[in-house]
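Given next, in structure tokens, is a single chain: the form predicted on its own.
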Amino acid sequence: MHGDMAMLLLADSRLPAGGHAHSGGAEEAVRVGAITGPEDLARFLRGRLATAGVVTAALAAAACEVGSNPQPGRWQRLDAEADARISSPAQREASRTQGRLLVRTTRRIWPSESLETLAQAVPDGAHHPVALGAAAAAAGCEPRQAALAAAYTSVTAPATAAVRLLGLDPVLVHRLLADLAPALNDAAHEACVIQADDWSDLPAHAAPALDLLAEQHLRTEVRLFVS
């Protein structure tokens, strides 16, 4: 029960860790006309969950496992695996920014060896899913709970952004998220298949469209979201 409550706190957009400032590619997708309404948003969310969502869930689950026996070398290796799975420089920077803020916040909420060793091992900021998994371990979560929180936040950020950008009905958008519940559970299950330090076998699903959107967004002069 303790882990369930911590998972809810970590997945809550009100957690003061800067997640509300990122759209997960939705802002640029709206700008170029790839998302114009609920149907487009539903396709975007499913595609994001099946690619970036699964990857971040797996990294968060692995980081939660490392958090039970934190060592600087293990954190550095896992963070390198995360870096290798993010092709876009803009997305890498956004991921590290979110990770750095998340570690800063959760070190105050759940002081732990897990978060302290991560902050020391990756002083410039660990990637967001690694930071999320470390925070989950510090809060008493299991790897599957860390994976579920990561998968969930991978779709809630763009969904919330789309409401703000397009003025969509928030109830309808939450219906889209509710429809994703089975896929979210599947993503969390897939993320926990690898339970060893051979992280080269972690999912590495590519999402070239998200990479291109991230790079285009970085060059856009007027932006509501950081990424």
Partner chain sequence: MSANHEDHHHAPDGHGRALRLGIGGPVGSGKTALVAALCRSLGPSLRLGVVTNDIYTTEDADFLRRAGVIDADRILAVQTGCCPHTAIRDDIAANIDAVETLEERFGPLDLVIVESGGDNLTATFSRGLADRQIFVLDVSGGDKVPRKGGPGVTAADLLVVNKTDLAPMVGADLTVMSRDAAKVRDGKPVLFTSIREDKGAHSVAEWVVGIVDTWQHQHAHTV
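Residue numbers count along the first chain shown, from 1. Remember, it's a predicted structure, so these values are computed and weren't measured experimentally.
Same protein, other form: the form predicted in complex with the partner chain, not shown, and the subject of what follows.
Peer 1: At 4.5 Å between heavy atoms, is Pro111 in contact with the partner chain in the predicted bound form?
Peer 2: So Pro111 counts as contacting the partner chain.
Peer 1: Could you confirm whether Leu8 comes within 4.5 Å of the partner chain in the predicted bound form, counting heavy atoms only?
Peer 2: So Leu8 does not count as contacting the partner chain.
Peer 1: Is Leu177 near the partner chain? Define near as a heavy atom within 4.5 Å, in the predicted bound form.
Peer 2: No, Leu177 sits far enough from the partner chain in the predicted bound form that none of its heavy atoms falls within 4.5 Å.
Peer 1: Residue-level question: is Leu165 within 4.5 Å of the partner chain in the predicted bound form, judged on heavy atoms?
Peer 2: Leu165: contacts the partner chain in the predicted bound form.
Peer 1: For the stretch 102-119, which residues lie within 4.5 Å of the partner chain in the predicted bound form by non-hydrogen atom distance?
Peer 2: Result: Arg104, Thr105, Arg107, Arg108, Pro111, Glu116.
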